[in-house]
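Same protein, same chain, two forms; see structure 1 and structure 2 below, as structure tokens.
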Structure 1
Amino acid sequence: MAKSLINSINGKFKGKDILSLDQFAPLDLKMLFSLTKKMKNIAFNAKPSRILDGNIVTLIFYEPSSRTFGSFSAAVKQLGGQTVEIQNPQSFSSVAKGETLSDTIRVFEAYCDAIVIRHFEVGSAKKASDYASSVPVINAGDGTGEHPTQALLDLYTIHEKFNRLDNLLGVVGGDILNGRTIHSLIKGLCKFKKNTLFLLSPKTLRLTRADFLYFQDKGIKLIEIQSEKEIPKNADFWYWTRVQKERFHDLKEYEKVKNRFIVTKKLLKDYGNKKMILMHPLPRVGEIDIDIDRDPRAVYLGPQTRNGMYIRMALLALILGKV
């Protein structure tokens, strides 16, 4: 029978679809983060692992991806599992012949133990989970909706630095309207007390009013700003994102707002501090100067990226019931 509800984790990961940060309670995150530390030790020290020996995970990506696709693939293989990898199925699979999402999911369900899907439509991962009646589905990004595993690695990166996920002050810059990574990160931070986010974006790329009020009702304090001069100097982290060209119907509108806010050495000097970290979900397209890459506060090409593989190793081991 098809699955119909997004089930909360409640400490039991085995067989669960991973579709939204709404599924996770603080205790679930604690359990996941504890296992992630062990997975980091396996990967960092290149220890042979057979945790997923015999398991096959299918990766179906309807949108371009390098880090998410690559880290899921590497995560499975680090633990001794195998992958079936389908990128751009619109061109290189039966989807090009008109095959429906339903049929695609049902076919690959027969070949594997879990499905990881990225799709350009909001809600597509939930649909895929309904079609897959016998294997768990992981949402690797559904349009402008959510990107839960990115948020999990982002939360882990913040927790690794500060040993907490409450009483945090963050600055989020860039495309806040279309940024699914931002939506999921805010959902995650809503689960903890006394968090404040300054949202820096052009007016046209702000959260929708519905989303803004929804998150505020969840207990997080959101402050919308339009100028770098409004950035608080005591932030714990900055989370920068690109303006998503692919979400614009009119490229003239994109040109008006792309790279409106760029992290430079001067901006970090004027508004940053020594204890903070600078994050980015990547890819970067000019909104952070490459001169900053060697700054110890810049974690986007180091710990944040590596944590993506570690968190996905832990998540796969948990939902496949191997730990």
Structure 2
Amino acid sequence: MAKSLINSINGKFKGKDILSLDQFAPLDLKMLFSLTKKMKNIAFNAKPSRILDGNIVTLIFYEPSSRTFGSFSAAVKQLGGQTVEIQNPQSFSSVAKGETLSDTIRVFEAYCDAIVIRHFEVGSAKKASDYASSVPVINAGDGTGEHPTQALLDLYTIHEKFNRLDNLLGVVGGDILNGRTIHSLIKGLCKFKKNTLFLLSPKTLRLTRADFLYFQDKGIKLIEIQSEKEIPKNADFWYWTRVQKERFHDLKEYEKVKNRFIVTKKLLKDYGNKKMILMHPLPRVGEIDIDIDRDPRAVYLGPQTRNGMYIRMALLALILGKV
């Protein structure tokens, strides 16, 4: 049964680009997560995987991102594939000489079976996928646009714990206005029923009114709160994020809000519960106390990170038609 379902998702994604979370219907997610679980068993298995044996995946990162880069590089190699790694091509001769993204992508597709692109411009991954006529493209983050593999790993991490993506109660903390990963998480949960999120942030970092209404309209229940005291004690997960210094023109403003909501042992004791998990997309710069790191509920380092690799392994195997 599981096998045939995976075959059906495979049929759907073989040769396809992975550009946005929007491509994944609830059933797709279910199947992807089932495959991701298999990948978890394959990685670090004593017997090396040969699933991508003979496949070359180009990682072309216009914007460096050590974690996403390392995760994709490891994902390819965990499956026995090889990578061609190009970092900062804009400082390389061809791009510096005025080569367009189109030409660069069409050059690199000639060498490989799939392209993973990270770029600082919104929409660039979509453009790259339009240019690449013979190989699938994965969006590894296009500026303030999308970063679908991050969104998928967050949803997978919740699903892995609770075995469902509906009927969830979550608390989201930090920079809710700008946080791309938060927006994606909300979007993802909107695909399922009866989810509720408490949003805890400084007033200046709340969702825009338009976004708030848009998401509500999609069926999720959003509740903005202003103090830790309003955190519901029965949440399934807390999803904390960094206040993004680079978004502030006025650094005084940043200093005022950056440490407003910190997850401490005490906060977790007072408002958390035993079954919840504590997530963070990383990097973290102080908004979760490090003395919580070894708490088994803290999944941000370790499980959540590893899930990113497993999700990427699953996606690569899917688009390359190897499952």
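Residue numbering: structure 1 sequence, from 1. Superpose the two forms; the largest set of C-alphas matching within 1.5 Å is the rigid core. Given the structure is predicted, the values throughout are model-derived calculations rather than measurements.
One of the two isolated chains is the form predicted on its own, namely structure 1. Once both forms are fitted on their rigid core, the CA atom of residue 290 lies less than 2 Å apart between the two structures. Core-aligned CA deviation for residue 194 between the two structures: less than 2 Å.
Positional change of residue 165 between the two structures stays under 2 Å at the C-alpha, relative to the superposed core. CA movement of residue 211 between the two structures equals 2.8 Å, with the two forms superposed on the rigid core.
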